[in-house]
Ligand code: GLU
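Next up: a single chain in structure tokens, the form predicted on its own.
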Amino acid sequence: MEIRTRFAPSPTGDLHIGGARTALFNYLFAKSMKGKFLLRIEDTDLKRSKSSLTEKIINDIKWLNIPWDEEIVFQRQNRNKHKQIIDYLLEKGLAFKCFAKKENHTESNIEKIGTREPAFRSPWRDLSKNTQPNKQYVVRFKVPSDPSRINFTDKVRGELSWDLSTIEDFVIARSDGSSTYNLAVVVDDHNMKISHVIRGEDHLTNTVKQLLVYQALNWVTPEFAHIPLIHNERGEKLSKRDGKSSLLDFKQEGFLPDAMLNYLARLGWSYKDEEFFNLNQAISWFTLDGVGKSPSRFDIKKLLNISKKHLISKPADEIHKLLLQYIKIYKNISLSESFSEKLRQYLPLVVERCTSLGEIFEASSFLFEADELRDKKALALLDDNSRKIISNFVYAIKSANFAWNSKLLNEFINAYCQESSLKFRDIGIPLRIALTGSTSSPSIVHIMEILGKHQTLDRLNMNVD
């Protein structure tokens, strides 16, 4: 049997971290078994689905370097197939037209103190077709009363048994005739020959409903694996309220796809004590046996640690290229060749201090920041004494004659400090503020070398007037 998995997002919002991990697990499992990974866009909800979000989701998956096999399937294009199956279930008495008003029942289990009421059973489920009124209806699946339970094996959670009295007669076609999620998913997975459905444990109730549809159609069911949810630091389900919850958030922060992929793989899955690895290693190690049953905790500190390792493991030229792309896409800045070269020289000084491209950008922004903005920052930090120190230093260095490099600049500043009864930091901190607009940066003599004599003196002069 060919292993075929799929990732099937709905284009109703940005790709959530949990969705990105689901896509990754499906990909890793398929490739570890020499199978195929497919992509399906579940866009039957025309009111909420947006083509712009579809494009963003596809781009996010590409960004993570998760390639799919075969063409993308768009669920809305399968509406005729869905309708054929709905009509078949109606004809066989396995589904029925329901005219009950929505407000007269609940679609989910009703929990009371210490008790659970049986789920909704429509009064229309066993009535003759001759008694049906001529008004709007939905189509519901007729949940069987015998057997009273459904049993299945989950590849992560083991043997599971479900009381069918807790499953309502669920809607499989809306009043406009369009299929709902639980019907469309079964039909599409069957047609796509999906062998394994790997998704979050919040889909367990959906799985029970879908298994009932599979049984009613006498179709072979795929294997199911429900992975634990991702929680925040408080032990709650990770959501937009936590700030960063979508993949886009981390792309905008400048995290590398390698780092995100590495970290997402470790959220709920493990292989021995391995923490730092690449995609090929993850494929060779991945098994569903390595997926845990407990919720995984999103730990930003661990992500930063992994991100830093991936960042410093890359060659300087690759980091430079990635940084230029990041600045152009997410900061809307196209750097000139001269600024790009300054950035290349600056990277070795700062890369090991940073955990993302975004942090490198912030640390190096003084190189190409507008003079007015940078000087405004500097003037807010420089007092009269600091400006006097800079003024005297500028006068001295203008009179000096030496090659403008970090080694000789360091020697000059040390000699100047000795002659002026200053410590290096007495001149170093004001210089750093005047040149970068910040109190922290790598070695000031390296910054002066990168800026060059002309630009260094121009910046210093602007902050002593």
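Keep in mind it's a predicted model, so treat the numbers as computed, not measured. Start at 1 with the first residue shown and count on from there.
From this point on, the text means the form predicted in complex with glutamic acid (GLU), which you will not see here.
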* Among 332-340, 161-169, 181-189, 262-270, the region lying within 4.5 Å of glutamic acid (GLU) in the model of the complex by heavy atom distance -> 181-189
* To do: Decide whether E42 counts as a contact residue for glutamic acid (GLU) in the model of the complex under a heavy atom distance cut-off of 4.5 Å.
  => yes
* Asked: in the model of the complex, does G18 have a heavy atom within 4.5 Å of glutamic acid (GLU)?
  -> no
* Asked: Given that the partner is absent here, does R6 sit within 4.5 Å of glutamic acid (GLU) in the model of the complex, heavy atoms only?
  -> yes
* Indicate whether H196 is a 4.5 Å heavy atom neighbour of glutamic acid (GLU) in the model of the complex. => no
* **Contacting member of H203, K97, R387, K308, with respect to glutamic acid (GLU) in the model of the complex [4.5 Å, heavy atom]** => H203
